[in-house]
Ligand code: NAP
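Encoded as structure tokens, the following chain is the form predicted on its own, with no partner shown.
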Amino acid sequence: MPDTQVLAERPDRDQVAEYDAIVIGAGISGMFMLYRLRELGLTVRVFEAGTNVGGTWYWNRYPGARFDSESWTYGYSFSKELMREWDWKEHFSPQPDTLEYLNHVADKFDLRRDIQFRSTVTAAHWDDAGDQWSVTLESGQRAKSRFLFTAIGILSAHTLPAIPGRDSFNGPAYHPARWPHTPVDFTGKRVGIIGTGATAIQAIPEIAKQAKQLTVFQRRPNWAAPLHNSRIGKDEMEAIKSRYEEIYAHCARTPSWFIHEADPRKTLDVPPDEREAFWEKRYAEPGFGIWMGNFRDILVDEKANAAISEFIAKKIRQRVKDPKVAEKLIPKDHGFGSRRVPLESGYFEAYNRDNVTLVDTINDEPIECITSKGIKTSKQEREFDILIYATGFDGVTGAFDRIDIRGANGIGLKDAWAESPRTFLGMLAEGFPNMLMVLGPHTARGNIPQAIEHSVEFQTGILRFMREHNHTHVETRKEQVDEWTRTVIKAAEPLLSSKVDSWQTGVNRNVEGRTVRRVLGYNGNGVHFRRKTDEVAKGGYQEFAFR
């Protein structure tokens, strides 16, 4: 569907419209939150920076962008009619199909009439006297509401490389999260890409098929495993639809809402030949099985992790013809699965092509600066027609930091979270009344849409409870925040991932001050998280302070 115009009518700049609730973001979170808030009879305005719905799948249009979780577990599950009528085309849906799906959802439930597009929120301030939120847009327009919901995503604050001369390049330069809405033609072009993270791992094989020359500037190699995507035929889709309740019930019983569950055995308890056969099977299967369906100790035991890392390294050596290039692509500073594992389709084979060159910027050829013609390293200046900055995101808290959010007594959220975020269940922050966060810091994640649905249902449950008891104000209690923060930190301690620099531990070389590891998510068993939220709801939300 083509991008829409601003469908929700804008008030004049000097007008201050008032609503029961304001939602920031019209991605998967914001759309579902709007749907549920409408059911409660609330007046709602969603402010969205883009020109249409979709969030992640609106912004990330780069070549190769697609799900790495099974499509049929990724869609909304709140509407049986929606599940029955939508056919997924592939097991791992490409970005255009996913965006088409989200537009279909917006059409089906007439969501756009309450969404104002091209509306970037720059500030949200709590008014102690008025007991409400005041929201300001980049345009200067203001609005007020009793409740504020943040649906801003965990990977939406993209970052550009902190390299001298970054803005001096004369040709087009793109970040995957701000890809043009019209296709980029790489035919006959010299292309330079900085970064080998998840987006680059998807994009590089596709760009290599077109470009005259593709030079990959690797800052840190990543482990990756095959996606093994395939089409979904009509009969298979009907079979999937017939099992939707069973599929979603199964996902709700797994640690991360995926179909995959860890094997109960310990790695080194399994005989070497049997272990190797098990890994060969997992490596040949579609999806996250090699990561989430592996032996239960590979993410916590260093010896077990070393064994699976060596298996994946062997696979890289088998797939990359040049032994020197293969060694450069094998991570030496972290083990397999200790960072989120990208799934790929021909990524390692791309380096076998004559038109693809790998530059190791850490060990061989550091980047000195970006010039008007290209990229200058310690050895030479390379000229390019197009540059791509696949330099990732300021994860989880980054999107919050880019909005001037101030709570009770004018306290800034960025200041309150300077050392580390503090929340209760990842949904409410201490000192920020009536602000509820979908997928905020310290919430459980995994299969994102299912995590979103759980969060939205819990939060609208709080509002339903408030209505029944004539409450208009909700806050989290300090002792609950203290306890949950301890729980989150304790859950992260055994994991090898907590000892690794990544966006998941809050480290980002492109963002000033992002050098110290922090715990940004609840990394314990998602089943335990869901049980905790259920207990809070069934107990009458006694952990919160209402008035």
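Note that residue numbering follows the sequence shown and begins at 1. Note that this is a predicted model, so its numbers are computed, not measured.
Keep in mind that the form predicted in complex with the ligand is not shown, yet the notes after this line are about it.
Participant: Using a 4.5 Å heavy atom cut-off, state whether T423 contacts the ligand in the model of the complex.
Facilitator: T423: no contact with the ligand in the model of the complex.
Participant: Looking at the partner-bound form in the model of the complex, is R66 within 4.5 Å of the ligand by any heavy atom?
Facilitator: Although the ligand is absent here, R66 would touch it in the model of the complex, with heavy atoms inside 4.5 Å.
Participant: Could you tell me if Q450 has a non-hydrogen atom within 4.5 Å of the ligand in the model of the complex?
Facilitator: No, no contact at 4.5 Å.
Participant: Please tell me whether any heavy atom belonging to N305 falls inside 4.5 Å of a heavy atom of the ligand, as the geometry stands in the model of the complex.
Facilitator: Contact with the ligand, no.
Participant: Would you confirm whether the three residues W257, Q459 and R530 all fall within 4.5 Å of the ligand in the model of the complex, going by non-hydrogen atoms?
Facilitator: Looking in the model of the complex, the three residues W257, Q459 and R530 all stay beyond 4.5 Å of the ligand (heavy atoms).
Participant: Could you tell me which of 502-510, 31-39, 517-525, 478-486 sits within 4.5 Å of the ligand in the model of the complex, going by non-hydrogen atoms?
Facilitator: Residues of 502-510 come within 4.5 Å of the partner.
Participant: Exactly one residue in L329, A124, I194, I152 has a non-hydrogen atom within 4.5 Å of the ligand in the model of the complex; which is it?
Facilitator: Comparing distances to the ligand in the model of the complex, the residue within 4.5 Å is I194.
Participant: Just to be sure I understand the contacts: of R339, R118, K315, R275, which is the one whose heavy atoms reach within 4.5 angstroms of the ligand in the model of the complex?
Facilitator: Checked against the cut-off, the match is R339.
Participant: Does anything in 156-192 come within 4.5 Å of the ligand in the model of the complex by heavy atoms, and if so which residues, in order?
Facilitator: In sequence order, P161, A162, I163 come within 4.5 Å of the partner.
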